[in-house]
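First, one chain by itself in structure tokens, the form predicted alone.
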Amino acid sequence: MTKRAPKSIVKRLPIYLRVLDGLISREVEIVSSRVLSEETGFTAEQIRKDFAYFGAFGTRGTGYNTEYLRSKLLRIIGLDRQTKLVVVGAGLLGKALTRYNMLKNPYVDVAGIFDANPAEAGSEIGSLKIRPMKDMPAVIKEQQVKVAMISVPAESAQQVVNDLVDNGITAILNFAPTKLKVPQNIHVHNADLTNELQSLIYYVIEDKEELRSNSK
């Protein structure tokens, strides 16, 4: 790949990969863009354009070989080898994220989980011990980690991110409910669970209002 893909395409690639994983588990060998459209909700035209951005992966009139397409997507995303990551914040969410990625996500290797609370140090999540923040730089350097997930209080998030960036982290998944300031070469994805839930509740209220209006 000679140029960086648009963010909109990059965000759709893991969705395609998840669908392909499901198709392969059902022993589906060939899939059309129409079927992928039904599985993902994206238009068949959009799917064909997304794949064409990286090359010709299918055969006109036949479709895509699921195993071949999956292998290509894994390589494009960078999941053809395990990616090491660190988790900062060992609260309930941080522990859940760590446990999930250790047990359910074959594409990542959790190199360490860190917390500023001394009471958490030494606690175990599976085979991984929660470590104090002072140990983080050494782990990142020794294991050449580039990806981090943070689940810390909003007031601590910026300093945590500053420390991560200073120690070589270039990609951050942020679960802290705050906007982060980072250099241009650092990539941050925000996952605000509270906002997502609150925006979802809007539709519940809207449905109730519609029912009231229809009952009058």
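Bear in mind that the values here come from a model prediction, so they are computed numbers and not experimental data. When you see a residue number, it is the position in the sequence shown, counting from 1.
Note that the form predicted in complex with another copy of the chain isn't included here; everything after this is about it.
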**Q.** Proximity to another copy of the chain in the model of the complex (heavy atom, within 4.5 Å), stretch among 172 to 180, 55 to 63, 25 to 33, 156 to 164
**A.** 172 to 180
Q. Is it the case that Lys72, Ile130 and Ala138 all touch another copy of the chain in the model of the complex, with a non-hydrogen atom of each within 4.5 angstroms?
A. no
Q | Partner contact for Val88 in the model of the complex: another copy of the chain, 4.5 angstroms, heavy atom | A | no
Q) Contact between Val147 and another copy of the chain in the model of the complex at 4.5 Å, heavy atoms? A) yes
Q. Quick one: does Ala116 come within 4.5 Å of another copy of the chain in the model of the complex, counting heavy atoms only?
A. no
Q. Is there a non-hydrogen atom of Lys49 within 4.5 angstroms of a non-hydrogen atom of another copy of the chain in the model of the complex?
A. no
Q: Go through Met102, Leu79, Ala111, Ala121 and name the one with a heavy atom inside 4.5 Å of another copy of the chain in the model of the complex.
A: Leu79
Q: Could you list the residues in 150 to 165 that come within 4.5 Å of another copy of the chain in the model of the complex, counting only heavy atoms and keeping sequence order?
A: none
